[in-house]
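Read the single chain below, which is given as structure tokens and is the form predicted on its own.
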Amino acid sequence: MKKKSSIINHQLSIRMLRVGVFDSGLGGLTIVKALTEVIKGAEIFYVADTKNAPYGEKTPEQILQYSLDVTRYLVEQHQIDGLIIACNTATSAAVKQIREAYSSLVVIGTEPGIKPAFEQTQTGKVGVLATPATLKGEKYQKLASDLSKKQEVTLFEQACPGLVEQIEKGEIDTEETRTMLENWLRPMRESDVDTIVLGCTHYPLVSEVIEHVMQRRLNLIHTGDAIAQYSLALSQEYGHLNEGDLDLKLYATGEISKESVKHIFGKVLKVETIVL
């Protein structure tokens, strides 16, 4: 990505970097957790749009509007320098429009890790767990099609309606969640799938359950660490020194599981309710 202005370089060298991150709920916190492990001297503002969750079962038009509303809030209220769309579904529906509407903002999207999955599979069988909207999205469809033409890999695509809601309720390892995953994963297990793309930022929170159901060692592909490293490299290009304290502020537009937040970060964190 090209530098947008030398002014940004100067600004970031004299003050803290401001990064906005959003998702429909808890899932994007898996990316925020990865960010907190590599980025210093920054303010991170996370918005969980739980009032409108889950995005994956909404129309593209609804997802676009929600995404624009959150972005406007982060820009106007927190004067962010960069935005991470910590949601595959929102990226597919809104990243282009957000970049057009906020041309001076550095915008990083999230996409399912199809490419690394193709590179890591040994059996040539790759599973993709995602929301219905992500699997139907033009960006995902094109990427999967292009990669399949270059390498002979069998894709097992599975939409997971209701899984985000289970995770949002904190039901990570309940009988209902295990049953849902068993039904979705059985064909992958029986077909010798060895690599599964977690195509929603919520899904890493049920990684252990997925591995238990699959009954084998797996390559579980999710994008949190990669996005954190890319964000750090990009911020340094813009003059960020990556020194000093990190300030994390969490916001939600509706109910959110405080216990799940604690589970992700290992400690209790304050979550402020906002109205967009």
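Quick caveat: nothing in here was measured; it's all calculated off a predicted structure. Numbering starts at 1 and follows the sequence shown.
The next section is about a form of this same protein that is not shown, the form predicted in complex with a small molecule.
Though the partner is left out of this view, V197 does not reach within 4.5 Å of the small molecule in the model of the complex, counting heavy atoms only.
A residue is said to contact a partner when one of its heavy atoms sits within 4.5 Å of a partner heavy atom; V164 meets this definition for the small molecule in the model of the complex. Taking the partner from elsewhere, T71 is found to have every heavy atom lying beyond 4.5 Å of the small molecule in the model of the complex. The candidate stretches are 149-157, 170-178, 187-195, 131-139, and the one lying within 4.5 Å of the small molecule in the model of the complex by heavy atoms is 131-139. The putative spot formed by V19, G41 and H240 is not touched by the small molecule in the model of the complex; no residue has a non-hydrogen atom within 4.5 angstroms of it.
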